[in-house]
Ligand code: PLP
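Shown below, as structure tokens, is a lone chain in the form predicted on its own; questions about how it binds or moves come after it.
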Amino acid sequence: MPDAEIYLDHAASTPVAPEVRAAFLEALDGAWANPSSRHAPGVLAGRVLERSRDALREAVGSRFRRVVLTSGATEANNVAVLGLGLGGRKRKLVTTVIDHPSVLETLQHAVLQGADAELVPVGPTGEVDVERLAQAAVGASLVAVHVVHNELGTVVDVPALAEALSHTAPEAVLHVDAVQALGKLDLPRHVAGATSVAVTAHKVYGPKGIGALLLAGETSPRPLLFGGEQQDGLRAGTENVPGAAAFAAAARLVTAERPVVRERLLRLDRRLREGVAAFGDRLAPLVPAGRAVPGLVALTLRGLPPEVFLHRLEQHRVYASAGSACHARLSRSAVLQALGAPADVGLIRVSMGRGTTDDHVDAFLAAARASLPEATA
């Protein structure tokens, strides 16, 4: 049993980095005033907000001129789908069958408001065919897609999708959920062509409760919150200044560290995949190496329910997950169901971070070996 806890659920949430905590406390103490106030303390708070937006633009892409601070990526996705997708004459919304619940369930709500929705199938391990998605988008007002899938780690070629949409649905808005991509990919390059991008702080060593919707050009969604003129009238309510400062610090941190962390995660990813090869089909990678971002490994599980396996891991103080934390109470991964996996197959997600080491991977493998049923001939 390891001496310390082994946390391998970074795709669900990350610990707050010391630099980020320091930025939060500095703003909490020094920029406490209402940023809409025109006196000196309010102006100071407003400046902290603008510097925070600048940092997010730098991390995501300078072409995203408008940065709407939200309570997280769920709100950002909701604003994009409802505020952009339902804002014009066309009301057809398109996404994939495996996109995040904050997109899929918002599309269901849009249908209740009279919109049409189309969910596009994906490949057997979650690959998104951008040409198929673009063809489904004919006549659409909005196409929503992830950059990095939150359970599978697969990457969507957003620039290629944007190019394809320019021919099949030139009037469609392209909204991108980049929650799992910030800090893992060169994001400005990977969201090129998108109209809007959702990100959140707690996936990149920042606090919970702060996210952002970044908008290209003069794009303006219909607001979902009313009662004030904050953020150009796009989101009413006094802004979370300490949260914004912390998010900015987190975005700068993961952007600066990305090349070094990526190399380490590539090595750890190989170590994990080589280790689970000994388990045969009892525990095996779902997505081949090279098709997912390093450090986010989806494993198929056979022989016992995921909840039982995770409980046994926890007895060894090793923590992973059974897919998205947003749907943790489901008996089976909705993504596996969408992929058509057999009913007796479960999903285990191992997601590593900037503090993960070789020893952590080895501890997972040892705990998995002790937790899995014996192989049968």
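Start at 1 and count along the sequence shown; that's the residue number. Because the structure is a prediction, the values reported are computed rather than measured.
From this point on, the text means the form predicted in complex with ligand PLP, which you will not see here.
- With the partner omitted here, the residue from 293, 174, 204, 73 that has a non-hydrogen atom within 4.5 angstroms of ligand PLP in the model of the complex is 73.
- Checked against ligand PLP in the model of the complex, the residues 179, 133, 297, 214 give one hit for a heavy atom within 4.5 Å, which is 179.
- With the partner omitted here, the stretch from 155-163, 229-237, 276-284, 194-202 that lies within 4.5 Å of ligand PLP by heavy atoms in the model of the complex is 194-202.
- In the model of the complex, ligand PLP sits within 4.5 Å of a heavy atom belonging to residue 102.
- Proximity of residue 95 to ligand PLP in the model of the complex falls outside the 4.5 Å heavy atom cutoff.
- Shown without its partner, the chain has no residue in segment 212-228 with a non-hydrogen atom within 4.5 angstroms of ligand PLP in the model of the complex.
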